[in-house]
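Quick heads-up: it's one chain on its own, the form predicted alone, in structure tokens.
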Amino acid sequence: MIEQLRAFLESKLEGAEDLVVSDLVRHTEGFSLETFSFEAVWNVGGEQHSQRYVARREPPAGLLEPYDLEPQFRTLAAIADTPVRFPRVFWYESDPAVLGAPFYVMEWVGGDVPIPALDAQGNSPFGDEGERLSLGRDFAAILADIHQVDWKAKGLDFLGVPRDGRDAAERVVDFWHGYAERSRLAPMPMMTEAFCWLRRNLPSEAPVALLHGDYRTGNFLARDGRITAFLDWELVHLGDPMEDIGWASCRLWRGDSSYVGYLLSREEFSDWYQAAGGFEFDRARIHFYEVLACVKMAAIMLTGVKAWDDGRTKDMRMGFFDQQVAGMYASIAEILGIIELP
């Protein structure tokens, strides 16, 4: 792979001589794209340059298939001059012959990825109250920055423009309903109940904004109490900003904490997001999208289970989702008011 990356960079870096690619590392933390980081050193006119890059490649099977990296690459390239914090992207390659599958190359950004769960010793993912508040303010402000992007001026209508709030909600419900149906291995009565509820309760009015689609703790890099970059833009699209709010706020990312993503009280989230220029919170729409969040996570798990059952992946984590889907069904039943969970 090092030689393929070297040849690719050589074709992209104008005037590059004596190009060397080294320190190739495969990162296994994520569940969707294959991620590799590597060092590149080259000369231009006798002056040495170096850069650490990250390549993100489509997997043979995964949780968010069918994959298409081009929309996220085009979106990130278009918003490079905005305050949104994310790794800047350089090149997209659709030809699978180059690296075995389509991929794009972006900058390396340092930091750790906090996970919204207690560690083995029962400690919070955030060291102290000051770190929680600092990261929480960034978490709210960056989401407001994303939602403030002038997607029309940036030419992002290729993402698909909903007519209104109801159309935005109906599109995303249809999207995840299709995911669930393509992964069906057995009857899914709880999913059927949830999709019926969602279609009965589609919100009628909402603004249309650029959405991250997977905005949560676990998808950002942090260092010294600040968020350095938001990652994992595979689900970027246009829709109701309360969809991102509902996903970030749902039980999945609270764990055993009362805080949104282990970071913020709901009041802090609302106040700091709106102070940064975000939209006014609408509790009814947020609840709708929190129901959708549970359905969405169940559909993602089912996609992994189907890939494992079909023999298209050897990643055992996909198979383990089979043991977790029942828990997601319980979460759906809870948020619909059918049962109470501890």
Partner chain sequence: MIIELQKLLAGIINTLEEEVGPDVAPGKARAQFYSCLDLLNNLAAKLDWNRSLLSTEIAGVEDTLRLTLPLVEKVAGSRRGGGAEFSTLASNIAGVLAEEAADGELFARRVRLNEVLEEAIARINAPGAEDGLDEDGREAIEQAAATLREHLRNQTLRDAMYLKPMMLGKISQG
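Positions refer to the first chain, counted from 1. This one's a predicted model, so the numbers in the text were calculated from it and none came from an experiment.
Not on display, but discussed next: the form predicted together with the partner chain.
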| task | Sort through 110, 127, 187, 178 and report the residue having a heavy atom within 4.5 Å of the partner chain in the model of the complex. | result | 187
| note | the partner chain in the model of the complex has a heavy atom of only one listed residue within 4.5 Å, and of 25, 20, 16, 333 that residue is 333
| message | On the criterion of a non-hydrogen atom at 4.5 angstroms or closer, are 193, 200 and 339 all touching the partner chain in the model of the complex? | response | yes
| message | Is residue 283 near the partner chain? Define near as a heavy atom within 4.5 Å, in the model of the complex. | response | no
| query | Does residue 317 make contact with the partner chain in the model of the complex, using a 4.5 Å heavy atom cut-off? | reply | yes
| Any non-hydrogen atom of residue 308 within 4.5 angstroms of the partner chain in the model of the complex | yes
| So, in the model of the complex, is residue 302 in contact with the partner chain at a 4.5 angstroms heavy atom limit? | yes
| Pick from 145-153, 83-91, 113-121, 258-266: which stretch has non-hydrogen atoms within 4.5 Å of the partner chain in the model of the complex? | 113-121
